[in-house]
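Take a look at this single chain in structure tokens; it is the form predicted alone.
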């Protein structure tokens, strides 16, 4: 796809490639991908298993370094920053949501969220983190379940806890890797309604998915196939 240049982008990948291995056995997971994510939009990343979509999401979120290309965040090429600079930039820029929820089973919903807030910023007092966790859980519709442990919550409720956790620290961009895959259809759409609502606050949301039904929530859809990234046209989305 053509390289985008957007001065207002939260994160922008420019001609990014990712290779695993070296020499004749090297595998190209991502090939010269360019993509900008803007405030207030929900972007879907589609593609078959092994296509490179999770690699793209991981590079956007500073979980992986690209082999080549630029990753622009706050006006700097984050792909070239020293390793010690990445955790702080990652914590203040991104919130992550995963298919498997990744909640601590011994902690209730409030303490799961509060712990994430303190991990992002250890200077935050425990009482402040718990109060913020209560606010976020109420915002995602779990105000009455915040003192329940994950084992006492449904799949949809667990994912709402995970969304509240991702919002800790007020990051401008939420990245979701198949966040609805473990949910039934009705619950998946309810979670997407919630994620769509986050964009109205000016936040960006990127969701990796196999589910074409989620396209109705998206401002843009890109497809990854064999490491190549292409934005889908409006007529293709309607087909």
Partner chain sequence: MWTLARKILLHDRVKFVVAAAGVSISVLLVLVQIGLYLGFMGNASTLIDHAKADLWVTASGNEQFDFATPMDERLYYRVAATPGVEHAERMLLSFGQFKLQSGGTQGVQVVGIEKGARLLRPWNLQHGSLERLDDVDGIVVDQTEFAKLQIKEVGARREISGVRSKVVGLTKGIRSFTTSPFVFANLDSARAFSRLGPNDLTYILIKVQPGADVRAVKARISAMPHLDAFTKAEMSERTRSYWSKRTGVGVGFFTTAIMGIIVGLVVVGQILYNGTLEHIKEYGTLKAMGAENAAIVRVIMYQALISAGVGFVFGGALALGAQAGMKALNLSVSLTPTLLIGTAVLTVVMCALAALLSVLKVLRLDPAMVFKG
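These figures come from a predicted structure and were not determined experimentally. Numbering follows the first chain given and starts at 1.
FYI, the form predicted together with its partner chain isn't displayed, but the following is about it.
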When you measure heavy atoms, are 9, 48 and 72 every one within 4.5 angstroms of its partner chain in the predicted bound form? no
Does residue 97 make contact with its partner chain in the predicted bound form, using a 4.5 Å heavy atom cut-off? yes
Can you tell me whether residue 143 touches its partner chain? I mean in the predicted bound form, with a 4.5 angstroms heavy atom cut-off. no
Does residue 88 make contact with its partner chain in the predicted bound form, using a 4.5 Å heavy atom cut-off? yes
With the partner left out of view, is residue 63 within 4.5 angstroms of its partner chain in the predicted bound form by any non-hydrogen atom? yes
Using heavy atoms only and a 4.5 Å cut-off, determine which of 102, 127, 154, 138 is in contact with its partner chain in the predicted bound form. 102
Please name which of the stretches 193 to 201, 55 to 63, 36 to 44, 210 to 218 has residues with heavy atoms lying within 4.5 Å of its partner chain in the predicted bound form. 55 to 63
For the stretch 92 to 125, I need every residue with any heavy atom inside 4.5 Å of its partner chain in the predicted bound form, listed N to C. 96, 97, 98, 102, 103, 104, 105, 106, 107, 111, 115, 116, 118, 119, 120
